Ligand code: GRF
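Okay, here we've got a single chain as structure tokens, the form predicted alone, with questions on binding and movement later.
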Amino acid sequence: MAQKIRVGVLISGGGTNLQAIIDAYRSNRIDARVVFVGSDNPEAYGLKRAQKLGIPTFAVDYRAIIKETRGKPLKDPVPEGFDLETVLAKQRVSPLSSDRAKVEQYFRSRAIAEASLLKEMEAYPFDLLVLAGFMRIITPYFIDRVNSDPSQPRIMNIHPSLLPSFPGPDGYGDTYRYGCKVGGCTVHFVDYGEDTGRIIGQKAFEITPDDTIDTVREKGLKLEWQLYPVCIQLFAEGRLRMDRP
């Protein structure tokens, strides 16, 4: 096996994709190793998965930060280097025609949380950041501090649909409710939009008349556990540069 890349993982819940990645590198199926696991949820079970294996963990409580900053004036302290107008110009997740004060509050509170994430991550140098069920949209403030080389994005996400169809938090549910006969999952690089980054890999499954929303999710998860390690290996082999077709 080649030199192993260092992978950081962000989660929000149980961490089944995290476990799939751990299993893949412990069985020498990918040239990678997990160097930290972080979460926006201090109670995430995935943190316990990592701790049992001696992988460093940390949590930044997004809910507490959002509650603490709600209703406070925007002149209150924001992270060093955070420029609201730059972030608003780059982001593609919130229309600026909506309530301006709420949009500003959203990006300000997220930047405060993201600055705490970045501070925790400083202790663990990494080559690739993997979002494995991290249920928070990350902003340009965070993305630009991880992606130092525009030709080599370093943030991957796995999404529960065959993008570009059904972006958003409930891809399997949206796929099922729409009546699709095929569902699937997608690994993509993260950009300034919501599930709009360059697609790295996809896997599909048939949806039959006997399926329920629960069986659709079960089918999808099993494919996610296969797909994510494959895409991480493509990154490890240097086959995903943006300046290549």
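From a predicted model like this one, the values you see are computed outputs, not experimental measurements. Residues carry their position along the shown sequence, with the first being 1.
In what follows, reference is made to the form predicted in complex with the named molecule, a form of this protein that is not presented.
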query	finding
Distance check, F166 to the named molecule in the predicted bound form, heavy atom within 4.5 Å	no
Residue contact check: P229 to the named molecule in the predicted bound form, 4.5 Å heavy atom	no
4.5 angstroms heavy atom contact with the named molecule in the predicted bound form for Y172	yes
G133 within 4.5 Å of the named molecule in the predicted bound form, heavy atoms	yes
Interface residue in the predicted bound form among I158, I143, V78, V103, criterion: non-hydrogen atom within 4.5 angstroms of the named molecule	I158
Segment assignment from 82 to 90, 125 to 133, 104 to 112, 144 to 152: heavy atom within 4.5 Å of the named molecule in the predicted bound form	125 to 133
Stretch 204 to 229: residues contacting the named molecule in the predicted bound form, 4.5 Å heavy atom cut-off	L221, E224
